[in-house]
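Two forms, one protein chain; structure tokens for each follow separately as structure 1 and structure 2.
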Structure 1
């Protein structure tokens, strides 16, 4: 029983990172209907940017914020410079997926060209070990949990209590109708890509803080459970991604405790397949464009 409780604690901590990544991933998809596989490489880029900024002597939590903002800008540049022109030329969703996969590989090996293939470590940033509710977490994990919670609450307020949030929800539901109602859908798309990139960057740095070391494959590996979390909650549904991230994190850690840590991604993939078979719309449903693409 004690092992189960500890595994759940670790699952909540890892689930917070996955939820950050999954919310950013699904938020952008909900607005643009582009399955952005470059997302994983942008997480890796954020982790390496974090290492560079830490080398300048900046505080790790300031680095997390700056890294998120920088990746947010990179995300908008990716959309404006590469994807939007292809969409205007009529490239179909499957073609866009291939483009994002290719762009992700390019980003990945640009990182290798600059930083090299060797592993990188942030050093000992874990802080003191805390014990509560039978969980054993480090100070860094607790801070990441709090940061994730604050960001989720902030996103909820943005989507439900502001004019911008209503415009984003309208654009996600029906872009053509939203445009005819006077909503600047192009600007809303830029904002969605920026928020997605910011969540992506912060998740990448948070992940780098919680692992001993990482290399240029960091984002590619974690992209699997992030997509699983997004599909579990319902692609395009930010609230579903929050729940999905926690569920995938907890199930993966419990399976690692009772089975083997080597099979965490296998469990995530199994959850993805089962959800697609049983309920393709996810726990919180998805719009028609999401269902079409998943099919």
Structure 2
């Protein structure tokens, strides 16, 4: 029982990072309908930018915020400079996926060209180990949990209590109708890509803090669990992605504790398949086939 409680704690800690990533991933998909596989490489880029910024002597949490903003800008640039022109030329969704896969590989190898293939580490930033409710977490993990929680509450307020949030939800629900109602859908798209990139960047740096040491494959390794979390929660559903991230994290850690650690991702993905067989729309998916933020 003690091991189970401990494993759930570890799962919540790693799930918080996955949730951050999954929320960004699903938020952007909900608005743009582009399955952005470059996301993993942007997380890696954030981690390397974080190493550079830490080298300048900045505080790690400031670095996390700055890294998030920089990747937010990069994310908008990716959409404006590459994906939007291709969409305007009529490239189909499958073609777009291939473009994002390719762009991800280009970004990954640009990182190698600049930083080399060796591992990079921030140094031990974990802080003291804390014990409560049978859980054992580091100070850094607790801070990441709190940051994730604050960001998600902030996103909730943005989407439900502000004019911008309503415009984003309208664009997500029906882009053409939103545009005809006077919503600047292109600008809304930019904001969605920026927010998605910010979550992506912060998740990348949070992951780099957690793993202690990483290389240029960092983001690609967690991309599948992040997509799994997004799909589990219901594609385009930020709340679903939050819950999905936690569920994937907890299931992975519990299965590692009780079964074979080498199959921890397999168990999480098998659970995803079973979930989708039972509830194809995911945990928080909309009833209709259309995508709706917070439907």
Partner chain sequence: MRRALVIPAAGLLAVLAGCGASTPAGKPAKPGPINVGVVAPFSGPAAEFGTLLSAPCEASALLINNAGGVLGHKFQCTPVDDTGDAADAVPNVTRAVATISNFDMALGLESNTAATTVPIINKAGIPFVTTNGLVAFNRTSDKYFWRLTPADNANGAAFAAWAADKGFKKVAVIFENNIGSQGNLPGILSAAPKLGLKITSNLTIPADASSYSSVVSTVLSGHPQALIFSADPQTTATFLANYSQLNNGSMPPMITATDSLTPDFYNAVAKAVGASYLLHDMYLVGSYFSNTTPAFYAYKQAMEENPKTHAIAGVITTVGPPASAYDGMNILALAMLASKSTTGSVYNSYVQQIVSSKPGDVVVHTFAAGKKALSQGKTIQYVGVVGPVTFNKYHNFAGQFAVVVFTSATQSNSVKVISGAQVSQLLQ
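Computed from a predicted structure; not experimentally measured. In this text, the rigid core denotes the largest set of C-alpha atoms whose superposition between the two forms falls within 1.5 Å. Residue numbers count along the first chain shown, from 1.
Colleague: Only one of structures 1 and 2 is the form predicted together with its partner chain; identify it.
Modeller: Form predicted together with its partner chain: structure 2.
Colleague: 2 Å or more on the CA of residue 261 between the two structures, with the rigid core superposed, yes or no?
Modeller: True for residue 261: a C-alpha shift of 2 Å or more.
Colleague: If we fit on the core, is the Cα of residue 271 displaced 2 Å or more between the two structures?
Modeller: Residue 271: C-alpha displaced by 2 Å or more between the two structures.
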